[in-house]
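One chain comes next, on its own, written as structure tokens: the form predicted alone.
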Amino acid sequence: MAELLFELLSEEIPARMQARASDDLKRLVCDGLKAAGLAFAGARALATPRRLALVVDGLPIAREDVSEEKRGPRVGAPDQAIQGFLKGAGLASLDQAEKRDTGKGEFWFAVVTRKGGPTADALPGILDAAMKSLPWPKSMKWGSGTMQWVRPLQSILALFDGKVLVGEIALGGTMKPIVFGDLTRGHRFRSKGEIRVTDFDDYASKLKAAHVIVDAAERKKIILDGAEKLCAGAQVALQTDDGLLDEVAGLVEWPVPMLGTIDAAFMDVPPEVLIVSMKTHQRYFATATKDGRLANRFVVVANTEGRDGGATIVDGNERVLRARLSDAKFFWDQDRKVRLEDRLPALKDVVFHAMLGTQAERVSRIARLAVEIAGHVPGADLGLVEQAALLCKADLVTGMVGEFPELQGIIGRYYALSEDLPVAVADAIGDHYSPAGPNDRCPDAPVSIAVALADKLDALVSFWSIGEKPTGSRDPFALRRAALGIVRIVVENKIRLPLRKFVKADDLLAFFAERLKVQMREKGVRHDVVDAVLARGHEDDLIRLLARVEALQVFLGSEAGKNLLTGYGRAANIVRAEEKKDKALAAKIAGVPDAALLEQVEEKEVAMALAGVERALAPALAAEDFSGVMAAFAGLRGPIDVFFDKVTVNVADKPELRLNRLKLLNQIRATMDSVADFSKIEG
């Protein structure tokens, strides 16, 4: 067994693309190996800012001959089918095929043998195809070449069993192809010349000596351990950020954490402003004091140690941050000179959408909607809700948001507090974009809930009205996120919000239903149970809907529920089959069966049980006692089981009796379907 080592060395690959690209390279090469009949023990993909690498273990030195049997058309089939079979099997004539009796007739069979050969002969084509098939989000051409890749390629290392594979990658145009070799390069500044390697262990160790850590996981550990050690020495705590850690690990090949200091002059600026400046613009890690406040230290990760122990690097980064924070402090000081309310006229000059008007018009819609919604949010003060809604977009015309768009809403809250506006108003301004994702905090204060719901509902209803609906993976206005946000706010805060009052379009309500199903599925709720309840079509109160779903799922998990579902299925299937035969039957069997035609005790008991259920349904549904509804259904199990054991439905010589019994079965179906469409329950 042998090892394949493959490396693509290039100019800097964007950090956000590296993990996906290395996974794609591994997938494409492994798929190519499997298609070629090459088994292997394992594969591992690696990435640094300048390279993608792959090592595959346990490959055979040579491929064995493989025989594959192909079944062709029936003997005597048309000549066109025969010729297609021969061509696909690589046969010249039927003399090379076999005739076999399969028990269902005679068919032609071909035994196709694929010759093996040295594995090294198959690998270059597999690597070339994989490398050119990498699905980069963005790619480029360089020089006179025609091949597209994420960044200009510099060299390709391809070793199998310690030997260089014979192959090359054509770049097109007048550019020379890149020939496979056994050479790589180390750190751009800390290493000189090419490095010759023989296998993966040699590759990893020599690159480490040349100041390159090829494993991103190892780079992340070095960053995290080093940063935490520095922070402990400075008596601060590192604010961990997995996304930032992944990005920084993709920016450096030789990570060296260093500790810098934020000037005291900037510490009165809101911490979110400092964090955004450090994280988004400089890729620095923030730190916190023992009581959880933002500390005046930050961690920067360099790509080299520095000859003076990093002092020059730290000083340079502190100066860059100082300039960035000077802008932030300037905006912080200047913005507070104008009240949020006085900024509202400027929103008339900010277009929200060409077909939906300005931000001023949108704010007016949000305010009206928020006041309406507030009536369904316990504890929501209408005056505060309206005030918060009118001011929620005012920070869009501040200098701070112009410089740091990530702070919209957040900085508005600080400006509101600096004006001594009510805390509930300030918090609602800060919360109205939330939740921005599945891990984001959900607003839980009454005023915040009303404004956040209004903001999202307005976006959905407005874009729906102009036909801008999500399609496939396209969702430019983040409407799926808005709908999921509404679902989360309503469900987590148990808000009894009648969606149909605010959402008139049926397909928009269906869109909410799909988002609800996604969220419920993640919580272990069966999708078919949600479908069954949603199919009734009249439920727009998510809290009530989920209570029904929960009660139904519990019921279906019980023995009575499983058996009743079987009985429902038998009744519904019989009725459905008869309705197919007689198109007018549905009208004939609607309503309650004729009591005078109920001959057998078993059918009378089913009729009595159904009458009892229907009497219990109305008060239980009115009281939202869905467990009580299911308990009433449980009483149907016994009579229905006995009915199917003792009663013949399709009595051929008694048409009136047959019709009445079908009516009884239809009543079983209709009674149960009045709460949920049981036909949608799987199994």
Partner chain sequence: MSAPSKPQCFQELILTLQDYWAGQGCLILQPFDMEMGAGTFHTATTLRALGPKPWRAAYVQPCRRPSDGRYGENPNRLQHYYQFQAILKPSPSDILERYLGSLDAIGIDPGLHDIRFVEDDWESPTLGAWGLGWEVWCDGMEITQFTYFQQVGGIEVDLVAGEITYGLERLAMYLFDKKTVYDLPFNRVDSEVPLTYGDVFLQNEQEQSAYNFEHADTDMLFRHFADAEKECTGLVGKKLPLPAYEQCIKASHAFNLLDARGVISVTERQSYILRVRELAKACCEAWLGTRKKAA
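By rigid core we mean the largest C-alpha set that fits within 1.5 Å across both forms. Quick caveat, the model's predicted, so the values are computed rather than measured. Positions refer to the first chain, counted from 1.
The same protein also exists as the form predicted together with its partner chain; that form is not shown, yet it is the one meant from here on.
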item: 4.5 Å heavy atom contact, L251 and its partner chain in the predicted bound form; value: yes
item: In the predicted bound form, K138 touching its partner chain (heavy atom, 4.5 Å); value: yes
item: Distance check, F109 to its partner chain in the predicted bound form, heavy atom within 4.5 Å; value: no
item: Distance check, M17 to its partner chain in the predicted bound form, heavy atom within 4.5 Å; value: yes
item: In the predicted bound form, the residue from G125, G569, G316, G557 that sits within 4.5 Å of its partner chain by heavy atoms; value: G316
item: Residue among F180, F511, Y433, F331 with a heavy atom within 4.5 Å of its partner chain in the predicted bound form; value: F331
item: Segment that reaches its partner chain in the predicted bound form - one of 559-567, 601-609, 582-590, 276-284, heavy atoms within 4.5 Å; value: 276-284
item: Sequence-ordered list of residues in 649-664 near its partner chain in the predicted bound form, where near means a heavy atom within 4.5 Å; value: none
item: Flag for R185, CA shift 2 Å or larger between this form and the one not shown after aligning core; value: yes
item: Core-superposed comparison between this form and the one not shown, T146 Cα displacement 2 Å or beyond; value: yes
item: P49: Cα shift of 2 Å or greater between this form and the one not shown (core-aligned); value: yes
